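First comes one chain, alone, set out as structure tokens in the form predicted on its own.
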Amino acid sequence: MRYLDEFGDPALAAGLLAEIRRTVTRPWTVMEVCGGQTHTIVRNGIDQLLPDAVHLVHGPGCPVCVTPLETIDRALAIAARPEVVFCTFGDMLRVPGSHEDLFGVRAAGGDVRLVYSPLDAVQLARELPDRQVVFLAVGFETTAPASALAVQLARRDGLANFSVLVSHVLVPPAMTAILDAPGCRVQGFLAAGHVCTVMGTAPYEPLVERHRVPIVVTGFEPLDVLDGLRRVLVQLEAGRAELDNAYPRAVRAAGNPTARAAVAEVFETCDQPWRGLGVIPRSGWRLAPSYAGFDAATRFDVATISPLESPRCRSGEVLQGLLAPTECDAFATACTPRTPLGAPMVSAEGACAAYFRYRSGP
């Protein structure tokens, strides 16, 4: 119980844990599909406080981690061009490509800039009309609306020097792929609340109906995660499979209609490669034909790139919940935040980074 004083309300946390212990009568495997929830679990020792019968596995919930290697290599090729100002979120700077990362490109003279929003990149395009400004648009449904807005603004303002390298992905198709995979152990899910604030809860209903798995939408604080787990386990023990919104303070069934409309206008769904998971049907977004002129991969002719993955990196198994980070023989030895073999070791939401930070010390 040494972690409970960090839960905000230790008495409530103790009560939730007591109810879980009273509820669980057999082994269950639950997957959280959000890197933020993974860090909450590992940082607060939630997995260590649960009954031994409850096994938590970490899913592909880190957007940086699942960005395909070919997208990283395209980004590196574009960022190295002298006419380009390449804009990205901070997590992407250390993600290894086949041979280097964006930090290396910047050290060699490339104009690689950290931004906090794609709208920052649009502003740079306004300020630097003689430069080509490229934004690396990655992430789940949560970040796609901002990318869509950036493209809309660029077209409205006639910014011919702005483009996006798109690698946005959708969560429900990845969950489907995990459930359809041979040997899948997952019996229930914690779904990411921030994704549902945008898209709503309806996309998860087919998964519940088809696979008969409980899915609980929850937040990111320790008590949120603990309550979400309690709700999943109550359903499992009762033989129920329902979609449950445990995050009503942020999530509505319809999500955010304005954000959804922007995404629907700018993007269309497509088959998408996920790093470590392969190609998942209709799991990604690409620019719709009416916005294709803003596609950086086409503008800079980097669509055909053959990536080279590290043979020692087992992040694909980690992202599928088949391997704990500490079970990889390169963890904390050949693979560290300073010398990463894969994205999960450098992303702020990566499972390997969480275990390195909170579980690899004395």
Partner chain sequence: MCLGVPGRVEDIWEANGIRMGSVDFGGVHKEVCLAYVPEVEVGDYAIVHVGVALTRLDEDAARETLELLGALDAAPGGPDRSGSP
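Numbering follows the first chain given and starts at 1. Owing to the predicted nature of the structure, the values given are computational and were not obtained by experimental measurement.
As for the form predicted in complex with the partner chain, it is not shown, yet the points below apply to it.
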Q: Would you check whether the partner chain, in the predicted bound form, lies within 4.5 angstroms of a non-hydrogen atom from each of Tyr116, Asp227 and Asn256?
A: yes
Q.
Using a 4.5 Å heavy atom cut-off, which residue among Leu207, Val84, Ile178, Leu149 comes into contact with the partner chain in the predicted bound form?
A. Leu149
(Q) Please tell me which of Gly109, Pro248, Gly239, Pro129 lies within 4.5 Å of the partner chain in the predicted bound form, judged by heavy atoms. (A) Pro248
Q) Since the chain is shown here on its own, which stretch among 100-108, 288-296, 182-190, 152-160 would lie within 4.5 Å of the partner chain in the predicted bound form, judged by heavy atoms? A) 152-160
Q: Could you confirm whether Arg338 comes within 4.5 Å of the partner chain in the predicted bound form, counting heavy atoms only?
A: no
Q) Can you check whether Ala125 is within 4.5 Å of the partner chain in the predicted bound form, heavy atom basis? A) no
Q.
If we define contact as a non-hydrogen atom of the residue within 4.5 angstroms of the partner, is Thr142 a contact of the partner chain in the predicted bound form?
A. yes
Q) Heavy atom to heavy atom, is Val134 within 4.5 Å of the partner chain in the predicted bound form? A) no
Q: Sequence order please: the residues of 271-293 with a heavy atom within 4.5 Å of the partner chain in the predicted bound form.
A: none
